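Only one chain is shown below, in structure tokens, and it's the form predicted alone.
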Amino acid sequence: MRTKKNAYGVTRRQAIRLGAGTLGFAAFFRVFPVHGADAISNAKTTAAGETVSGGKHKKKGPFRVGFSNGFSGNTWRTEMLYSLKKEASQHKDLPDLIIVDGQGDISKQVNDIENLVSQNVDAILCIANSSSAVAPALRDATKQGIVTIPFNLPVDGEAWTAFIGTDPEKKGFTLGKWLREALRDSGKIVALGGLPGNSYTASAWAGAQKAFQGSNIQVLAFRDAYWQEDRAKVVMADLIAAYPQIDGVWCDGSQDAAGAMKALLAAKRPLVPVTGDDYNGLLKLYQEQNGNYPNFKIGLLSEPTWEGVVALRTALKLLNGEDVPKRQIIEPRLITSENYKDYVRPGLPDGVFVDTELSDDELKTLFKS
């Protein structure tokens, strides 16, 4: 009996796998918020490392792909998941996308990956909670002939098939350099990162510290804020109480940055230079408040929510016998006080990340209250 498909070419089985609400897409075209361009094809991406042979991984479809998400506790993950599910629904040779959530627990994520292997998936996509903890599990999966594609957060070693993402250490260095220049080489700062022990923050913060070398920048404290605005606001409130002078805030994510700035506002303290990424909530806050605080400046580097789309396409290329680079390093978009108007989306919710291939209608639907 022939399986019936809906208007998007997706079987009922796939719809169940992808979850309720996944198929309510307004449109299947990619629009970058600023100029209506294709965010993925127009992005600058550098191929690094050896070429991975597609012939070695070629299989006959249909394919089963698993995605181990380290956690799903912020809107970047929400947007990324939507883009990934949308992409999966457009591939006729992919009836099964199996998504598991590590819920921020390193041990659970390792078990999730092992369970995906036991389900005989052809490929595993992964955003790692811990770069070291998941490495053995991905290595074992790779040895069994499974295509393994970590993305967004790096994984130790090279015992995986291919990686997609930005360079966190380079980003951290660039953000640190920007903050150093904004403070004119001197000042007291605090730093906020993501999940405790995650590889992205560790690499980015190492890069930032290199950028501070030789300056009179004094780091008062570093705290984990889980890339969650409300949590960052609480963390920052404690830092404000502890330190009477804070001249700048280094963050690797703008959800942390927005929470930190709102904590300063609540404490009736002036807003200061801050770093982060392309979170609309911070961009809107800057638009609202920059006229009131002359020292309030932003230096942001985007973290594209479409990385999962590229990861899935890469996995399917390999399974179809195409060669791919070992690493695809995405060059992030630089957003500053000078060009933020090209990126801020006043008509969209705070939770939106603006380096996206999703349309305004999709984003409004995704983040509607």
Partner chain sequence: MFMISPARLSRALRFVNRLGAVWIAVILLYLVSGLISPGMFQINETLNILQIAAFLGIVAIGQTLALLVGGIDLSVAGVVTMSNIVVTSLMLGQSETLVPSLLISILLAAAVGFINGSLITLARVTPLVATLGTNSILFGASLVYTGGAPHGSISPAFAVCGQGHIFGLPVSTVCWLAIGLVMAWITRQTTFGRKLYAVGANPAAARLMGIPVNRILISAYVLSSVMACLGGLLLTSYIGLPSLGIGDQFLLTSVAAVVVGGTALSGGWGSIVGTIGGAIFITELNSFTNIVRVSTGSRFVLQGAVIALSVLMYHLVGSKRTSS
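C-alpha atoms forming the largest set that superposes within 1.5 Å between two forms make up the rigid core. Residue numbers count along the first chain shown, from 1. Because the structure is predicted, anything quoted here is derived from the model rather than measured.
We do not show the form predicted together with the partner chain, though everything after this point is about it.
*Asks:* According to a 4.5 angstroms non-hydrogen atom cut-off, is residue 86 in contact with the partner chain in the predicted complex?
*Replies:* No, residue 86 sits far enough from the partner chain in the predicted complex that none of its heavy atoms falls within 4.5 Å.
*Asks:* Report yes if any heavy atom of residue 279 sits within 4.5 Å of a heavy atom of the partner chain in the predicted complex; otherwise report no.
*Replies:* Contact check for residue 279: yes, within 4.5 Å of the partner chain in the predicted complex.
*Asks:* Decide whether residue 155 counts as a contact residue for the partner chain in the predicted complex under a heavy atom distance cut-off of 4.5 Å.
*Replies:* No, residue 155 sits far enough from the partner chain in the predicted complex that none of its heavy atoms falls within 4.5 Å.
*Asks:* Considering only heavy atoms, tell me if residue 233 and the partner chain come within 4.5 Å of each other in the predicted complex.
*Replies:* Result yes; residue 233 sits at the interface with the partner chain in the predicted complex.
*Asks:* Using heavy atoms only and a 4.5 Å cut-off, decide whether all three of 169, 182 and 214 touch the partner chain in the predicted complex.
*Replies:* Per the other structure, none of 169, 182 and 214 touch the partner chain.
*Asks:* If contact means a heavy atom within 4.5 Å, which one of 121-129, 107-115, 72-80, 141-149 is the stretch that engages the partner chain in the predicted complex?
*Replies:* Heavy-atom contact with the partner occurs in 72-80.
*Asks:* Consider the chain as shown here, without its partner, and state which of 135, 246, 100, 237 has a heavy atom within 4.5 Å of the partner chain in the predicted complex.
*Replies:* Result of the distance check: 237.
*Asks:* Scan 253-267 and note down the residues that get a heavy atom within 4.5 Å of the partner chain in the predicted complex; none is a fine answer too.
*Replies:* The stretch touches the partner through 262 alone.
*Asks:* After the core is matched up, is the C-alpha of residue 245 off by 2 Å or more between the shown form and the other one?
*Replies:* Yes, because once the rigid core is superposed, the C-alpha of residue 245 moves 2 Å or more between the shown form and the other one.
*Asks:* Once both forms sit on the same rigid core, is the C-alpha displacement of residue 167 at or above 2 Å between the shown form and the other one?
*Replies:* No: residue 167 shifts by under 2 Å between the shown form and the other one.
*Asks:* On a rigid core superposition, would residue 229 pass a 2 Å threshold for CA movement between the shown form and the other one?
*Replies:* Yes, its C-alpha moves 2 Å or more.
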